[in-house]
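Form predicted alone, single chain, as structure tokens, below.
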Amino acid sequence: MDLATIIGLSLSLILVVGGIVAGGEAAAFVNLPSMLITIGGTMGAVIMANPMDRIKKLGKITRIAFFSQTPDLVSLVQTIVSFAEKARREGLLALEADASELDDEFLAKSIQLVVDGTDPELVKAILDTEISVLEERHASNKGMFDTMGELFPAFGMLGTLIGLIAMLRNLDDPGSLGPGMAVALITTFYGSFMANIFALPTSAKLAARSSEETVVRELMVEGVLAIQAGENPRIVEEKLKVFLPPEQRKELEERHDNEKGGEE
């Protein structure tokens, strides 16, 4: 579970809804027709704007923003360096069994390409293409939430216009103008609320997750190509440490110190 997403969403809901309740007019913010226009209209337009295969994955894509974990780059570097040590000691073919046991399909495929004796330039070309396709797929998924972020306020404004038209038909009743205006503006509130609390933050989180996954893939490619080139495991580790932020480089060094302490 992504704690930042859960905490951020909960905090926004508590503060906004709490502010409404504290104002003493909570019931005035509940209006079913306005919800149908804003949320129903937006979802219909999103379905129209995207292929059905992508729409079917909407729930799965949303879960990525709420439940994905930040990748453990330190452990990944240690795994690849251990592969480099084994390849130097026993040869590239010795990695075939390790590749079959990996949970990450991209890394398993990368190792298998090397074990199969594929030309290094072809290995890099295949893996770079996979990363490009991954980025395009992630951009398309993020685009659905960008579209929602644009459409929620638009349908909110549409609902306001519908409400104003209905209100103007009753101008002969001055007492109904105030409540009618309030109901008309609720749709604008719903549109802004859904865009800024759900659609746009989810889009931003998907972009962050995509960036993290791309870095992981690029780290794997760098490591696998270094293994294929027969480079010293220490050099492989130094190459891969470039991908780590300072605090994770320190964590890697601490793990090395702990391993040395355990051996002594």
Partner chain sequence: MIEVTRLNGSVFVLNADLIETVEANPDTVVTLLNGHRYVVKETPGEIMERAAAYRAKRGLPPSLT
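This is a predicted model, so every value here is computed, not measured. Residue numbers count along the first chain shown, from 1.
From this point on, the text means the form predicted in complex with its partner chain, which you will not see here.
Which of 133-141, 146-154, 173-181, 82-90 lines the interface with its partner chain in the predicted complex (heavy atom within 4.5 Å): Checking each option against the 4.5 Å cut-off leaves 82-90.
For Asp119, is any heavy atom within 4.5 Å of its partner chain in the predicted complex, or not? Looking in the predicted complex, residue contacts with its partner chain include Asp119, since a heavy atom lies within 4.5 Å.
Using the partner position in the predicted complex, report whether Ile162 sits within 4.5 Å of its partner chain, counting heavy atoms only. No.
Please tell me whether any heavy atom belonging to Val30 falls inside 4.5 Å of a heavy atom of its partner chain, as the geometry stands in the predicted complex. Val30: no, not in contact with its partner chain in the predicted complex.
Just checking whether Ala229 would be counted as a contact of its partner chain in the predicted complex - the rule being heavy atoms within 4.5 angstroms. The answer is yes: Ala229 has a heavy atom within 4.5 Å of its partner chain.
Exactly one residue in Leu185, Ala108, Val115, Met167 has a non-hydrogen atom within 4.5 Å of its partner chain in the predicted complex; which is it? After the contact test, the surviving option is Val115.
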